[in-house]
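Below you'll find only one chain, the form predicted on its own, shown as structure tokens.
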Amino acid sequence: MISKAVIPAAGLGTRFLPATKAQPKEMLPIIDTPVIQFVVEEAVRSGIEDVLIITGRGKRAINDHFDRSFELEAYLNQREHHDLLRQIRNISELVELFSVRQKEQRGLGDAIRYAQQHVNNEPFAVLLGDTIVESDNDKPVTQQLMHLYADVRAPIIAVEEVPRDKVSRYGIIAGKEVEKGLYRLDRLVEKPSPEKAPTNLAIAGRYILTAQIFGYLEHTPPGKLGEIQLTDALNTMARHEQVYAWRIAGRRYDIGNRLDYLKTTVEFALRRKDLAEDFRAFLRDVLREPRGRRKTRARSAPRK
């Protein structure tokens, strides 16, 4: 019933400067795989057949990553790197992929508006391009939302529980639990203090939206820095019609800041059969060795 997904990937990634001066933050690798590839693969595993990526200026690398690279394929084939060749060909065959460029940096809500013509009045999934979400079971989180939509026929926001002292980093929902894990949304509160947060349920970067969202976005005034926020439009929507939130069976890896990016890289490396043993030993050595000794050894390294 839901066959299309929209992946906003137009942000400037200022928290990762200077690394993102010339490359999209969504192309930052978790070891050897760009963040946005994890996102597209989740959409595909959920049954999505059509993906629209909202890009911006300087984001051409995203399109190139999902396109064929005949010169590279010929190089790998000539040197008989068949496993690598299969991997990069599979990337270009994942899904029917489209893109459109957001002309100005005017917020997530404005980026979503660029999908209106593409989704053609159909309900659609939204997956933030800089957020990896892993499921605790065999159903990807986007698929969990899609199955719920078949029952409620209303927009659904994925949420996860976060520590109370971390709520000021996220959009937090207020609502009534109508079934286990399913909430009727009252409102969204952007980055509240722990004392004022209505819950500890944070927006997790996955949504199912209906075409009605475009009307609400059209009438949402710009907020701070002239940006149109999706949360503002959803708040208005919740006052006029049913909007739900689903506490996901899974975990979000927020790649939006440097510390969480490093944590994600470490966790993913420790899962890799080709890396885990040696990497775990390295981490043990680093944590066991006094800082001063490590610095002294670094300074006394012989010159080449």
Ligand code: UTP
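Small disclaimer: the values here were computed from a predicted structure and weren't measured. Note that residue numbering follows the sequence shown and begins at 1.
Not on display, but discussed next: the form predicted in complex with ligand UTP.
Screening 108, 91, 132, 189 for any heavy atom within 4.5 Å of ligand UTP in the predicted complex leaves a single hit, 108. For ligand UTP in the predicted complex, the listed stretch (75 to 83, 100 to 108, 208 to 216, 138 to 146) containing residues with heavy atoms inside 4.5 Å is 100 to 108. Contact check for residue 280: no non-hydrogen atom falls within 4.5 Å of ligand UTP in the predicted complex. Contact between residue 128 and ligand UTP in the predicted complex is found at the 4.5 Å heavy atom cutoff. Interface membership of residue 19, defined by any non-hydrogen atom within 4.5 Å of ligand UTP in the predicted complex, is ruled out. In the predicted complex, ligand UTP lies beyond 4.5 angstroms of every heavy atom of every residue of 184 to 212.
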